[in-house]
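This document opens with one chain alone, in structure tokens, the form predicted on its own.
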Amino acid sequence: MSTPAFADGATTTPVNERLKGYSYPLSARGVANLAPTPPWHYVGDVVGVEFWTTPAAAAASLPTGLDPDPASSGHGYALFIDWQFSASDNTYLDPVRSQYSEFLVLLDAVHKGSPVAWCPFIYVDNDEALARGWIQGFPKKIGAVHQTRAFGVPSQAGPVVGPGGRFGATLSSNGRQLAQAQVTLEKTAPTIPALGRPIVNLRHFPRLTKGQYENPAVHELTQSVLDTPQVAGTWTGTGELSFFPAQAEELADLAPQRTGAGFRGSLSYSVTDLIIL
């Protein structure tokens, strides 16, 4: 269903290039690139809310190759994640680069009859995370994402990770608020509810060639591959979620009609590969 990734006739033979690096910017020493060579390792705390938008709005967000899930059209999750990242060079020891926050939406869909999760919108506050996302097909934009923190010492300044614990989360972009959530914990859970389906994205790189604007260099569905995923400390309960309209944004087109479970937990995995569908 897709235009080949090497539509201009290139091959998969490694480029013999003076400049080094895995991604932009290529450079003399190869350390200035935004996304280093995989593997990429992630660990983070997730605050999320299950929700239902209208089936029509969910269907309108799907690309060619994906269809609404007839069993759960309009169902999805909103996730706020406080991440820490590392490549093979112990990037986590440089917190200004390795720490970032993220918001994303996952909607139920099907690909050739198999259940998948489609990511129509995702925001991060770190340019390196933006670059890694575009390489994978995540349609990342820059935003400001925050969530309530929990600490290992009791305090009225923070919630308990347990019954009655309350967590808030927000997303804004370009100074405009786009999403807000609140979660109240009730009981433990074996996993994070949003992890039940493989995530599918649309990797798209357009051409800047006159007459070729509608013929992208890359246009392909990709499926994320999460190596050795692990979860811990997951609690579920109730959740509240709102999306707000803003100029040059379409998140509010998926406005929740009702919400289901709210949840919080920790997640880790690595990325070394993806699947072209």
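A quick note: this is a predicted structure, and the numbers were derived from the prediction, not measured. Start at 1 with the first residue shown and count on from there.
From this point on, the text means the form predicted in complex with another copy of the chain, which you will not see here.
Of the heavy atoms in residue 45, some are within 4.5 Å of another copy of the chain in the model of the complex.
The shortest heavy atom separation between residue 73 and another copy of the chain in the model of the complex exceeds 4.5 Å.
Mapping the unseen interface onto this chain, residue 99 counts among the residues with a heavy atom inside 4.5 Å of another copy of the chain in the model of the complex. Within 4.5 Å of any heavy atom of another copy of the chain in the model of the complex lies no heavy atom of residue 197. In the model of the complex, the residues of 220 to 234 lying within 4.5 Å of another copy of the chain by at least one heavy atom are, in order, 220, 230, 231, 232.
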